[in-house]
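What follows is a single chain, given as structure tokens, in the form predicted alone.
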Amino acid sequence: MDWGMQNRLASIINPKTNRCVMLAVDHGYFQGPTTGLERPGETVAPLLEYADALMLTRGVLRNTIDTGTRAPIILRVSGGTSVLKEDLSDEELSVSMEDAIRLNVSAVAISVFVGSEHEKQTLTNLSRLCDEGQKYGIPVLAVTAVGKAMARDARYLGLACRIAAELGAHIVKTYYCEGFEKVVNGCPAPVVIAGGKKIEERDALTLAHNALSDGAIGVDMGRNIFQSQWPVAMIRSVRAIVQDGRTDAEAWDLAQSLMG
């Protein structure tokens, strides 16, 4: 791995802790104006100082994010479907690596749908993107997307994560599940968890703590931060778990003090 690749990864994953807090705000690429992201620039602005990286699309980046931001950018580069389609797996590469370079990103992100009708297509997309990433020294984050009919158990997620890592992904994003340590142990690449749908704030902190305890290096959380009534309190509390080693109970105490 060359210096540029290592430097970009080190900008996302803190070398001192080997952990990271990613803020995901890329939902609009298939959901449209997601609740809490109607004006994404305004939503993101007070959260950036607590995020190790920001995951979003090029349109939102160009049009709403201050060019002076110091947060590393993870750019969503796959798409092609919307919530109007029954099958969300029919994705293609939607952004060129040249445009990602123009945007000075630290990594690119792509979804794979293992077990779906378009499994081969999405895995081939990942392989091509990893080739381009190696050419230009840009890491690839693979998102093990889960369709409506797909399981979220350790067997399935372990399979999806391992395949993504085998094809060259530098970081893998997946869901937390029972037996999650088996998923992590079977994946040669670092694993971060998705926050998933909005849940109660206390439960979201427990989710983050359990994932870290079972081997994840961090979280890529979106709705459980920006859809909270207290988004700054939530990202600061999640950060306390990930980067400061706090328990979920300690983080909840912090969250409550900040919510006040």
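Everything quoted here is computed from the prediction, not taken from an experiment. One-based numbering along the sequence shown.
We do not show the form predicted in complex with ribose-5-phosphate (R5P), though everything after this point is about it.
**Q** Name the single residue among 208, 221, 234, 216 that comes within 4.5 Å of ribose-5-phosphate (R5P) in the model of the complex, judging by heavy atoms.
**A** By the 4.5 Å heavy-atom cutoff, the listed residue in contact is 221.
**Q** Since only the chain is shown here, I'm wondering whether residue 24 would be in contact with ribose-5-phosphate (R5P) in the model of the complex (any heavy atom pair within 4.5 Å).
**A** So residue 24 counts as contacting ribose-5-phosphate (R5P).
**Q** Does ribose-5-phosphate (R5P) get within 4.5 angstroms of any non-hydrogen atom of residue 50 in the model of the complex?
**A** Taking the distances in the model of the complex, the answer for residue 50 is no, it never comes within 4.5 Å of ribose-5-phosphate (R5P).
**Q** Is residue 30 one of the residues lying within 4.5 Å of ribose-5-phosphate (R5P) in the model of the complex, judged by heavy atom distances?
**A** Yes - in the model of the complex, heavy atoms of residue 30 and ribose-5-phosphate (R5P) come within 4.5 Å of each other.
**Q** With the partner left out of view, is residue 194 within 4.5 angstroms of ribose-5-phosphate (R5P) in the model of the complex by any non-hydrogen atom?
**A** Contact check for residue 194: yes, within 4.5 Å of ribose-5-phosphate (R5P) in the model of the complex.
**Q** Every residue in 19, 170 and 189 with a non-hydrogen atom within 4.5 Å of ribose-5-phosphate (R5P) in the model of the complex?
**A** Not a single listed residue reaches ribose-5-phosphate (R5P) in the model of the complex, so no.
**Q** Choose one stretch from 58 to 66, 208 to 216, 222 to 230, 38 to 46: the one whose residues place a heavy atom within 4.5 angstroms of ribose-5-phosphate (R5P) in the model of the complex.
**A** Comparing against ribose-5-phosphate (R5P) in the model of the complex, the contact stretch is 222 to 230.
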